[in-house]
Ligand SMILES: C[S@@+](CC[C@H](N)C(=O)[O-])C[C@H]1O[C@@H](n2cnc3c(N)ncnc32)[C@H](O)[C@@H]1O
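The form predicted on its own is given below as one chain in structure tokens.
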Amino acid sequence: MTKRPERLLAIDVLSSLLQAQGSLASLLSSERLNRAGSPALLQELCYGVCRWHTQLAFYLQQLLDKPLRSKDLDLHCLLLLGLYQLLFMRTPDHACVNESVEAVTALGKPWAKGLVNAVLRGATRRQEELLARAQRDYALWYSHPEWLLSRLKQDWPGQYRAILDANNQRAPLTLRVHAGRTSREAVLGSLQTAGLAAEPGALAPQAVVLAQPIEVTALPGFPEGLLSVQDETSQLCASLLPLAPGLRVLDACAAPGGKTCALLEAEPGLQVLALDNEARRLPRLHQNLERLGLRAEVRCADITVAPAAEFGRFDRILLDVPCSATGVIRRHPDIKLLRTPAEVDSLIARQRALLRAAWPLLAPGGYLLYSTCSVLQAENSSQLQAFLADTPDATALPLEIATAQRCVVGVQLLPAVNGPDGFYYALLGKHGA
């Protein structure tokens, strides 16, 4: 396969992303990564520009004499990449400028060589001035859209700046140890033998946090199903939902299966039905179950549409609803570019519908664990408050998680620098014998 310069591949990815033609996860396909001489550099460029896009776009606006034409989106992305390398990667000025100017020819726009040269050299001369101007505006300095900054400030007035800081960090690689096949101590030992620094997670009993990311297939024990990749806040579902052998459990929004597998690893005797409303997501769920040697019934279904009789009653329900993913922005920085307030409102309506559809499927005396990877209260505590007000046979039960913020209903884990992701949990009990 002919290799392509990472800068040109990154332009393709960012151009598509800015036109809402995909996400980083979909655009950075394995095929595209394999075409890069350095897949790691391609990822760094794309993730970095998304992470700091608001700030970089502001700098570019200040450095251009007039805006670029819409048909020059590729040049726009080339300049963003150059600015990211200069200001955040500390790439030597001459290398960054020269490589960016050379890339103009590959784009078929040799007329823009002088423009690219002038903008990037201007950035090096005016760096302190540009940084000082950005510092006066939190949306620019933390590189978050205004609407999201406003909601974070409203929901978490004492913590929002820490959330913003955490969102701009690189996320750690966290593993879940398959307790049915090995122990956390054994995994830590094998990682040490392989020269990989790691430590036990602070929250989840099977969590292991690596000091440096690595291709997961290269981890000792991963191909054999001893390990899975999952942040420890997400792993907590298996310890927060009361489990016992023989219980019938519904994972209503299961794909790609991380939480389904975590439940089965914690209690192999469960009878699990794993649902997802998108058929294209189910193969990954099947692959994860097979690699880990776990069993669950898997179906493509939507509980808000299908009749309740199709599923029967369950002793436990895990409802990990679709959400804004504002607790995992550091893993998906393109959320800052792609997510809109209207989308969040739509997700809140979807969450409400899923809660209402799931509750009749829960047997009296059963438990439902509601979770999101959001930090917005409208999707979390406020959503559950409204549900409880309309559901007389539902009771919110206490949850204890170290470092979690207590909410009116449930608990909120906030993203932390060098710590776990942002996540919300609420445990509901259904009245009855």
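Note that residue numbering follows the sequence shown and begins at 1. These numbers come from a predicted model, not from an experiment.
We do not show the form predicted together with the named molecule, though everything after this point is about it.
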Given the named molecule in the predicted bound form, answer whether the residues 10, 35 and 103 all have a heavy atom inside 4.5 Å of it. no
Is residue 258 part of the interface with the named molecule in the predicted bound form - any heavy atom within 4.5 Å? yes
At 4.5 Å between heavy atoms, is residue 168 in contact with the named molecule in the predicted bound form? no
So in the predicted bound form, does residue 304 come within 4.5 Å of the named molecule, heavy atom to heavy atom? yes
Within a 4.5 Å heavy atom cut-off, is residue 295 in contact with the named molecule in the predicted bound form? no
In the predicted bound form, the one of 163, 83, 355, 253 near the named molecule [non-hydrogen atom within 4.5 angstroms]: 253
As a check of understanding, the residue in 350, 248, 331, 336 with any heavy atom within 4.5 Å of the named molecule in the predicted bound form should be identified as 350
Residue stretch of 105-113, 314-322, 90-98, 196-204 approaching the named molecule in the predicted bound form, non-hydrogen atom distance within 4.5 Å: 314-322
What are the residues of 269-290, in order along the chain, with a heavy atom within 4.5 Å of the named molecule in the predicted bound form? 276, 277, 278, 281
